[in-house]
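We begin with a single chain expressed as structure tokens, specifically the form predicted on its own.
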Amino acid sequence: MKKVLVLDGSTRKLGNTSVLLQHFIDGAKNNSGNIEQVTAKEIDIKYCNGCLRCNLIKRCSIRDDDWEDLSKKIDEADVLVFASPIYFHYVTAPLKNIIDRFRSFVHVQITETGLIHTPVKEWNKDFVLLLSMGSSDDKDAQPVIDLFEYMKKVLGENNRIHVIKATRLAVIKQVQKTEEELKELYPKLKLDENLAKEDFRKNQEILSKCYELGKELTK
């Protein structure tokens, strides 16, 4: 049975990111009962301080927070889900704080021309990015995708990445709104109400993709 670990970067409950995530989890439940969700803002994860001791001891040297337990779950997971709204072209601060601690999974050698990254242990995992944003242009999420493409490569050649991006989501649970609800909302956002029909179709398609991806990755 595939193990799924969800790292939820949402800073408010029941927002658009939560809706995307719930559809993914519902899909995953078709094939796996081993799904754990961690809300980034609710756990105690201290900042990485760049001490580099992990290069020597093969683990993070910070011991008085929740990282030791979380890092074991990350290591054991077959599917790692990172869910976040896009804030200023990036994931939220609580989720980024967790990502910084991934440094302890990699040995870093400084050279005259840059850095050489070697994983402490080669991973073979599916990385899932579920990203919601207010922007109408999904390129606003590109800095996040660039980082994870790099992480995927550094942590093992057999890792895979799957990205779902939801755009033009300005209010809570907007991704679930009907076409009529969007038509009513858009003038308040100074958007053309004629966008509502296509956006409703697009949003429904995104939710379906989340569900199907969860189902597919847990087979």
Ligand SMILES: Cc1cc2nc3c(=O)[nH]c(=O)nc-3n(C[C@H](O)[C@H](O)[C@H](O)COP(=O)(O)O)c2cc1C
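Since we're looking at a predicted model, the values are computed, not measured. In case it trips you up, residue 1 is the first one in the sequence shown, and so on.
Missing here is the form predicted together with this ligand; even so, the following discussion is about that form.
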Exercise for the section: State yes or no: in the predicted complex, is some non-hydrogen atom of Phe102 no more than 4.5 angstroms from a non-hydrogen atom of this ligand? Expected result: no
Exercise for the section: Would you check, heavy atoms only and a 4.5 Å threshold, whether Ala170 touches this ligand in the predicted complex? Expected result: yes
Handout entry: is_contact(Asp126, this ligand) in the predicted complex, heavy atom dist at most 4.5 Å
Key = no
Problem - Contact label in the predicted complex: Met133 to this ligand, heavy atom within 4.5 Å - result: yes
Practice task
Please state whether every one of the three residues Asn16, Tyr87 and Asp140 places a non-hydrogen atom within 4.5 angstroms of this ligand in the predicted complex.
Solution key: yes
Problem - Segment that reaches this ligand in the predicted complex - one of 180-188, 25-33, 162-170, 147-155, heavy atoms within 4.5 Å - result: 162-170
